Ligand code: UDP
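As structure tokens, one chain now follows by itself in the form predicted alone.
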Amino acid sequence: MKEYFGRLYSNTSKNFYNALYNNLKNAHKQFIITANPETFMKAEQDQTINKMLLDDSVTIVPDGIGIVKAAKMLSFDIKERIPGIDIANKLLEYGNKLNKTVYLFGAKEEVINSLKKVIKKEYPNLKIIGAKNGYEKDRDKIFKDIVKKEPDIVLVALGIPEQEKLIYKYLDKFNKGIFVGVGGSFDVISGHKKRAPKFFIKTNTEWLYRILREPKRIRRFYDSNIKFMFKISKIK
């Protein structure tokens, strides 16, 4: 697992967003994985995820605070968290500024419909060239459509690790595009769910807010975060 930490983006969020803007502006291809403890835990059991995390062409950013703390325990200098939802919002902002195109894939149909309305209102220069909910059975068919349409931004909200594995499967077929698996970000950006209050964001305890809102998450939190920290302690 330690080798994954060596692949983490270690600079500031400001530098990351500057590079992201330039990649989008210049039509460079970039696949971003927003890593949390669950990502690294699953990678040890799944060869495809393991391959992704060790692929030099993939950008891995520290999304979860658990990743940042674990990195420091293992003496890796990681400057700060770069949350996936912030990356999604920045891409919408940059795409609007640069008159780019976006393809949305994932979440429920009502969420996708609300998200399209939000984008058309707040980002009028960003053209939506595709929007499919995450309940479509033939996901390969959808990605073949994405390949055909060549969007500048591809946001996939299918949950980890399905979203990352699907992007990676088709990545070589694209010549350009910024690709990100954004988890539950569509729900928040569309207004169907509220993001944690500023206090939780500032103190890096958004995970706690989510558990308080959805107690059923606690089992998943234990399986990924708690077991992860025990594992890091042993490695240290």
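We number the residues from 1 along the sequence you see. For clarity, every value in this text was computed on a predicted model and none was experimentally measured.
The following text describes the form predicted together with uridine-5'-diphosphate (UDP), which does not appear among the structures shown.
The partner is absent here, but in the predicted complex a heavy atom of 139, alone among 81, 90, 165, 139, sits within 4.5 Å of uridine-5'-diphosphate (UDP).
A heavy atom within 4.5 Å of uridine-5'-diphosphate (UDP) in the predicted complex is found for exactly one of 126, 157, 146, 153: 157. Interface residue remark: residue 220 is counted as part of the site for uridine-5'-diphosphate (UDP) in the predicted complex, having a heavy atom within 4.5 Å. In the predicted complex, uridine-5'-diphosphate (UDP) stays beyond 4.5 Å of every heavy atom belonging to residue 206. Residue contact check for residue 134: one or more of its heavy atoms lie within 4.5 Å of uridine-5'-diphosphate (UDP) in the predicted complex.
By the criterion of a heavy atom within 4.5 Å, residue 42 is excluded from the residues contacting uridine-5'-diphosphate (UDP) in the predicted complex. Comment: 104 to 112 is the region of 104 to 112, 117 to 125, 91 to 99, 71 to 79 lying near uridine-5'-diphosphate (UDP) in the predicted complex, near meaning a non-hydrogen atom within 4.5 Å.
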